[in-house]
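The form predicted on its own is given below as one chain in structure tokens.
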């Protein structure tokens, strides 16, 4: 896809809405990073379309988000996918998914963009987001026997770990 034929954010969103209908949950083109919020169980097929049809051959970053706030107006978790194209660094777009805190499950995109493998493992390890279909969803930063997901805002760190004091101030 040549630089001149690359669609802008509004056209990307429209093409996604035309192709996937109600699997596109929301669109925000005014955000610093324009995005479509998508159905978590359709993110893999949407990712494939973005790669194969719109030239997004690079997953720049995958981040997990804890939307829990002090007033408890949201208890959701989320995943943000920052997409790009090589060699055109100006061709950018984001996908987002929102997930229930008690069962945060989304399809893996590791078969679409292999770099997602480690990013998804990190999001699972630190936030507890399950990436359905991931080939090796195991801890990547915490010890294998660590309990919980330490980047969640409601995480309570254990006082000891294998007899070693933790939470020492």
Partner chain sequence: MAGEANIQEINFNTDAATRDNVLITTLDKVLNWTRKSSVWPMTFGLACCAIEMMATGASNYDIDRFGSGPFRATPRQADLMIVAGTVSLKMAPRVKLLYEQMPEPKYVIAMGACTISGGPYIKYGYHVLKGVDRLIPVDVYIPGCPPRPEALLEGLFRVQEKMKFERILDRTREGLRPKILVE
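Residue numbers count along the first chain shown, from 1. Predicted model only: the values in this text are computed from it and were never measured.
The protein also exists as the form predicted in complex with its partner chain; that form is not presented, and the subsequent description refers to it.
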Go through 137-145, 112-120, 55-63, 36-44 and give me the stretch that gets within 4.5 Å of its partner chain in the predicted complex, heavy atoms only.
137-145
Just give me the single entry in 130, 68, 126, 27 that has a non-hydrogen atom within 4.5 angstroms of its partner chain in the predicted complex.
126
Would residue 151 count as a contact of its partner chain in the predicted complex, using a 4.5 angstroms cut-off between non-hydrogen atoms?
yes
